[in-house]
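Two versions of one and the same chain are coming, encoded as structure tokens; call them structure 1 and structure 2.
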Structure 1
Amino acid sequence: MAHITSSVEYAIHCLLYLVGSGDTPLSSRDLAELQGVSPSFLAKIFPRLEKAGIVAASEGVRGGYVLARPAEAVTFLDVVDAVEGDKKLFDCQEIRGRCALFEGDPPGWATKGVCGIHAVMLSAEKAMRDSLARTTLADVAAGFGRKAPKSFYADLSDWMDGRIRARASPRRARPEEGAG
């Protein structure tokens, strides 16, 4: 798990909107506009989430994405691994064996066992992965639900419904507006 990029943050925000939408599919294009990000940016993220079994896609004017499993069954680690891949936090270069004093032939004591620096990094990575694995979309959605006023959800639903109606109108219907 390398540096966690903004792709993970946007993915989690999108997934939280999907938690709130229930069985109503939301288009990645609408989610992008809602968050002020390029639709092409999210269009690269959603296939990864779909491949990981986190979201499911549906086509058509009312198409988009829904959660493929309950929010309680999707951890932050699932999302990080889906978006970023299962990359290591630290890539040990075994620098300890390159000391100039060893003249290219390090003694066994210098390279025996796991590098002390690498051991600390492995421990940190494990702690982070364990924490991400304990936190689900449902956990964070519940906290947000206590924070946001009920009017926010009504406004969000109205905004999304307006987007769907606009796509469904004969003048604006575009066949390429399926899940994306």
Structure 2
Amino acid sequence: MAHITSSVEYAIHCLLYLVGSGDTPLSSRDLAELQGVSPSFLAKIFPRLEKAGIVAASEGVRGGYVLARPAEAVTFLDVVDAVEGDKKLFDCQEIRGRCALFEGDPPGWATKGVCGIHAVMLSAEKAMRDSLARTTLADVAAGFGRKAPKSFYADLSDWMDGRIRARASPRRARPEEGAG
């Protein structure tokens, strides 16, 4: 179990697909099946992104999610905080005040200010967060765009269209697509 969880990983992969989908909403089910992850689990992650103002939801048939902000305005830190809440890197238990010499009543000099150990951890957490805030969805999407062939985006669009068409008129769907 890592500090930055699979939930964040799923979220960012989905958001990168949303970068490419523009104004067309993508449902969490389609995104889950496209990537081979659990649809019901993904469905629990998206509301957090919506509450954080990262995606916008549209309900009902043909509903789904679109990015609520330009991809340049969504950092990795935004996504981590949205999905995981304010999870601390380190949880100081104020052990400095428990020293037996204090007999349950620690003096002011021992408990004033931030614990010296805690301060080091907070500094490390800040370094991590600053680093995460330096990269946006647009940065990673651009990097992917340089690797993927042009045909990939067309194929992706076809796949999504295929799913929508298949649901609209099931009789016309190809048999191997209907199974599953």
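Predicted model only: the values in this text are computed from it and were never measured. Start at 1 and count along the sequence of structure 1; that gives the residue numbers used here. Throughout, rigid core stands for the largest set of C-alpha atoms superposing within 1.5 Å between the two forms.
- Structure 1, not structure 2, is the form predicted on its own.
- Domain assignment between structure 1 and structure 2: Tyr17 and Glu72 are placed in one and the same rigid part, by better superposition fit of each C-alpha.
- When the larger part is held fixed by C-alpha superposition, the smaller rigid part is turned by 18 degrees between structure 1 and structure 2.
- Aligning the rigid core between structure 1 and structure 2 leaves the CA of Glu94 offset by 4.0 Å.
- Relative to the superposed rigid core, Trp109 shifts its CA by 8.0 Å between structure 1 and structure 2.
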